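First comes one chain, alone, set out as structure tokens in the form predicted alone.
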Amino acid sequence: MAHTIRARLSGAIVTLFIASVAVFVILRMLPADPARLILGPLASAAALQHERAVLGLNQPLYVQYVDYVVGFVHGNWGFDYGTGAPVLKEVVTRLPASLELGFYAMLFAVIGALAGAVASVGARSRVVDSVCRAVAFVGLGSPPFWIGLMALVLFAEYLHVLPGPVGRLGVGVSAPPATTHFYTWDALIAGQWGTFANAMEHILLPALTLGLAPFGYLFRLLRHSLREVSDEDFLLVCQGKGLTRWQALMRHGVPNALLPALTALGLLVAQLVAGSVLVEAVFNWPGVGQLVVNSVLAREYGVVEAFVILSALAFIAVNLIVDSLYVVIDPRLRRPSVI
């Protein structure tokens, strides 16, 4: 186990290094001049040259990279030249909105896919199977931003049952007292039921839009795994010992089918991070994804660099957690080796 953890950590360090170098080099190849963004379009050549020297842009590229990494570790992630605020402050301010959206999107994907797969295989429901397969097909075959736009047209503009792209809360609704910085949780803690309902209405469409592709992937994977497991002899033995088909499937079939799905969690987190950028822009969600879109349009690479590195860290952390969960779910991995 210790050897596995060391191997995973070594691979994580290499992955993080490659990601940081790639984004650092690529962004500096783009036609964006931080000195010009700071001083404006009317700045003289001498002023621009002086500002580049102050920012360290006249140093060799490897020196700039080392300085950036050292500064990143110490919390100096650069500045958002449009607002003048530090990138770290901008990211920390917007991160709770993105985390809340990602949490509900993943919750929908996991619970919906598991419930759909169990109903499809356990109850042999053709209706549930057909509906879930159709939703999975749409989620996997359509860009998230297009799904978001169609959802807004249908539910906000045509049916008028859900709010449009106005952010986390409706106009005139005050944010609940900040405890977890998740508006839905904070509203529940404070007992503000109206605020909770309003926050849920505003997060419903973005979360479903963002979670649709992970739902499709997980449903197809779980459905296939459960179909294979349901034909195994050990489930027949469990039923012979007195368990019903449902009890045998839920107690022994589902844990076995979850193992392949755990492997996919790392990829799903990467998919959520990538999809959140455009989904937040479509729904005017004040998260890190929308901040990245604004930074790209303004040609400011400080926020984009921080976003890519944080995304790589999240991907690495999820994969390490998944490796640990394997030991919890699969008893065979907890047995000492006899060799």
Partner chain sequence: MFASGHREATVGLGVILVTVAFAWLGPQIWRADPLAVNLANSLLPPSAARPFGTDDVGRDVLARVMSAGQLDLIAAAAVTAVGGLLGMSVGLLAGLRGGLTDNASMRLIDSLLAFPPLILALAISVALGAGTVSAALGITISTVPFYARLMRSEVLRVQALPFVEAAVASGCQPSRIVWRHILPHTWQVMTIQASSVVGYAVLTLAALGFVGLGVQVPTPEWGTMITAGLSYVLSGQWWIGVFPGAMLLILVIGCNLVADGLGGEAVGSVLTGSTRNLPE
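Everything numeric here is computed off the predicted structure, so don't read it as measured data. Positions refer to the first chain, counted from 1.
Only in words, not in the display: the form predicted together with its partner chain, which the text now covers.
- Though the partner is left out of this view, W193 does not reach within 4.5 Å of its partner chain in the predicted bound form, counting heavy atoms only.
- Proximity of T179 to its partner chain in the predicted bound form: non-hydrogen atoms within 4.5 Å are absent; the residue sits far from the partner.
- Remark: E201 does not count among the residues lining its partner chain in the predicted bound form, judged by a heavy atom distance of 4.5 Å or less.
- Proximity of L55 to its partner chain in the predicted bound form falls outside the 4.5 Å heavy atom cutoff.
- Taking Y104, W185, Y217, F72 one by one, only a single residue has any non-hydrogen atom within 4.5 Å of its partner chain in the predicted bound form, and it is Y217.
- With its partner chain omitted here, the record of contacts in the predicted bound form names 143-151 of 84-92, 105-113, 143-151, 170-178, defined by a heavy atom within 4.5 Å.
- In the predicted bound form, V277, L278, A281, V282, V293, V296, L297, R299 are the residues of 277-299 with at least one heavy atom within 4.5 Å of its partner chain, listed from first to last.
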